[in-house]
Ligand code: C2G
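Before any questions on how it binds or moves, here is one chain, the form predicted alone, in structure tokens.
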Amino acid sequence: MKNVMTYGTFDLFHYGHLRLLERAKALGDHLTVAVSTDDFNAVKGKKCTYPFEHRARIVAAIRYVDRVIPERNWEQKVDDIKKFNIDVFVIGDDWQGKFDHLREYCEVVYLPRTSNISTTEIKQNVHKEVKRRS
């Protein structure tokens, strides 16, 4: 049994999120996803459209996902890797090199992001459209 784990905010769930979870699951047998809590997003300076509970339920409903846990802080990753016997840590390649220190505990894989889609871009486009209409 190979255990895989990834982390993310997963606000405005889109095709890029789905592809990340699909590719992460393909690396093993069991996928755990840590979804950032609203409090942790505030620390990171992020404001989500949907609250943690909604984002976590959406992620949990995806067939590639076996377990969803809350991400409460940056430091929990090592504890999560140990607690859930994680073999592979997966994250988008925009984080390239930022989690190499986890190689001491498991394999670290940086997956390419799906091109031409991002939550930030979606939010910017919606904001522009609302502004244009007003």
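Numbering starts at 1 and follows the sequence shown. Computed from a prediction, not measured in an experiment: that's the story for all the values here.
The same protein also has a form predicted in complex with this ligand, omitted here; what follows describes it.
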Would you confirm whether the three residues Gly28, Tyr64 and Phe84 all fall within 4.5 Å of this ligand in the model of the complex, going by non-hydrogen atoms? no
Contact flag, Phe40 vs this ligand in the model of the complex, heavy atom cut 4.5 Å: yes
Going by a heavy atom distance of 4.5 Å, is Pro70 a contact of this ligand in the model of the complex? no
Exercise: Lys46 in contact with this ligand in the model of the complex, heavy atom 4.5 Å: yes
Taking any heavy atom pair closer than or equal to 4.5 Å as contact, tell me whether Ile91 reaches this ligand in the model of the complex. yes
Let me know which residues along 62-89 have a heavy atom within 4.5 Å of this ligand in the model of the complex, or say none if there are none. Glu71, Trp74, Lys77
